[in-house]
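Below you'll find only one chain, the form predicted on its own, shown as structure tokens.
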């Protein structure tokens, strides 16, 4: 007992020392900033290049010059590009664009709606079939049928390739621990990288266009299906495997007859996650000339046309909801269909057969009649003509609402923006970006040591050194400041809402579906409403990042609060603790691992979104990346900015992960 008391006292003393060490570092940092302000900051003007940027530009020129003669390009990169381009073009010809001398796609809108409805019924039941039919028809009513089909074509192509690669790899990782140990760090790296940074390196080898966009989407969407498939294979009941082994089944028979069927529901969850990731990335891939809704959103954002951006963003949300709900329902339905009785299966087969006949009829109609090939803008019912154009109305209403907000609520939005900007963002940005680079680096390393230990310091030192090499120290510190401010706000939301959800099951049932829905929306969509509220500023990117990252942090905190043992809560109540005392003295201290993990995930999500915010005036690394795509002379700087973003992500991820590991090592951590 005495030993335990001494140990607990030692840990408490260590925590106090950590706080004082961090506070001391910050005070010393501020003093040095005041003395050496704006000296040795390594800031660059937007058009200014370093030697590294020039070298990357030369590398691109060299690659472009050797593209026609190099066997590496002729037999490897160009072959991959040609194969993927052909696959994507086939899907686009089928769904989106005129093909084979026809003025319309091979399958018109009526055929696509019929196929989607039939697939949704086959996989997920009647309700999801109705959702798919209504959702896809709504895309046409918005006037965005063709753009939606381009986005869907790219998403389907990436998902098919991801599943072809990911499911076998996931099965191998689930069966062989050695393969899992090799694959896991690679997947960690792929999931840590913000979405933007995939794009620039790929254009170097695969040029701008559908192939590079598909490969970027494939890379982003691949990790979930590998991880979740491996998890499904590993969690198959050992009793089922033992029973199969005792019957003399071979390894191959066990895989096909037991492990894959029993892991089927989990694998479908992986398909769902892969599909949502692919849709998110397919819209961002518009930056490298991927056609579809992403192009419409980007053009509208750059023109500050919130109405058009909202209409296109709404179409992306509709596709996301349909894909998410259908695949989620399919994962739950897998087990029910497997256990259904014979009469139910017979009835289902009949309905599917009738549905298949209806699909064939709809495809024939869409190949024969123009009205069912191109989504009509109006329809005649007897002598009356009805408009089918909802898109113009959505654009006009959104524009009117934004105008009203800007005219009547400018005082409120400006006050909120100025409060965060002057109280948090400007001081932190001044400290990070205005200090000499070596002072900032030493301060970051000292804080990393205090919070996460020597291993995190080694990683952070490597990342900071490489950021120096990229020549973008100043822009990296500006991006870091915005990310930290957004993460603080995310954690405020996470703690307040997460604690409330963790303490109230009823509130959790109401809020959690909303958070799940928010997590299905691609990153671009979050920018649109806040662009209307706050204009094109760095604050817009921060608010969008908060909205993007808050759901995952809130859910992690809520799960941590719910994980506090009931016996501990009872003991707190019997000791006469008030609600506030229970939260601050019992629940929050015991959920410190969940809190640290929430901060980790919040940082990664925020960093990804703050970079996307380069499209709406966030500047810094996000602007550098976007400018690198649009201006040939800034390509090297954009590529270096992508590398700097990855380094920031790795550094923040490792520091927070090591801090989380330390927190979980303490007794009572949840």
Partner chain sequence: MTRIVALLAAVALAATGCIGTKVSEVTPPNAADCQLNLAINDWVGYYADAAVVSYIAEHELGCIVTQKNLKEEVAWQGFATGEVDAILENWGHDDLKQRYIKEQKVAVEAGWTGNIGQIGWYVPPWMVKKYPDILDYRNLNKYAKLFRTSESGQKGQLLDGDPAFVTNDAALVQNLELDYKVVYAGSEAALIQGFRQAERGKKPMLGYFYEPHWFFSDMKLAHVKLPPYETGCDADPQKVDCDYPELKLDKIVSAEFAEDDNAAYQLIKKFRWTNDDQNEVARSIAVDGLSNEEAAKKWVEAHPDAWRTWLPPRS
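Numbering follows the first chain given and starts at 1. Keep in mind that this is a model prediction, so the values were computed, not measured. Rigid core (definition): largest C-alpha set, two forms, superposition within 1.5 Å.
Below: the form predicted in complex with its partner chain, not depicted.
**Q.** One residue of 399, 266, 244, 137 in contact with its partner chain, assessed in the model of the complex (non-hydrogen atom, 4.5 angstroms)
**A.** Going through each option in turn, the one that passes is 137.
Q: Sort through 344, 585, 181, 102 and report the residue having a heavy atom within 4.5 Å of its partner chain in the model of the complex.
A: Flagged contact: 102.
Q.
How about residue 371 - does it come within 4.5 Å of its partner chain in the model of the complex, if we only consider non-hydrogen atoms?
A. Contact with its partner chain, yes.
(Q) Can you tell me if residue 381 lies within 4.5 angstroms of its partner chain in the model of the complex, counting non-hydrogen atoms only? (A) Result yes; residue 381 sits at the interface with its partner chain in the model of the complex.
Q) Any of the heavy atoms of residue 580 lying within 4.5 Å of its partner chain in the model of the complex? A) No, residue 580 sits far enough from its partner chain in the model of the complex that none of its heavy atoms falls within 4.5 Å.
Q. According to a 4.5 angstroms non-hydrogen atom cut-off, is residue 125 in contact with its partner chain in the model of the complex?
A. Close contact is absent here: in the model of the complex, residue 125 is far from its partner chain, nothing within 4.5 Å, heavy atoms only.
(Q) Can you tell me which of 597-605, 59-67, 638-646, 25-33 lies within 4.5 Å of its partner chain in the model of the complex, counting heavy atoms only? (A) Looking at the partner contacts, the answer comes out as 59-67.
Q: Could you list the residues in 286-309 that come within 4.5 Å of its partner chain in the model of the complex, counting only heavy atoms and keeping sequence order?
A: Contacts from 286-309: 286, 287, 288, 289, 295, 299, 301, 302, 303, 304.
Q.
Quick check on residue 533: with the core superposed, does its CA move 2 angstroms or more between this form and the one not shown?
A. Yes, the C-alpha moves 2 Å or more.
Q: Align on the rigid core first; then say whether the Cα of residue 235 has moved by at least 2 Å between this form and the one not shown.
A: Stays below the 2 Å threshold, so no.
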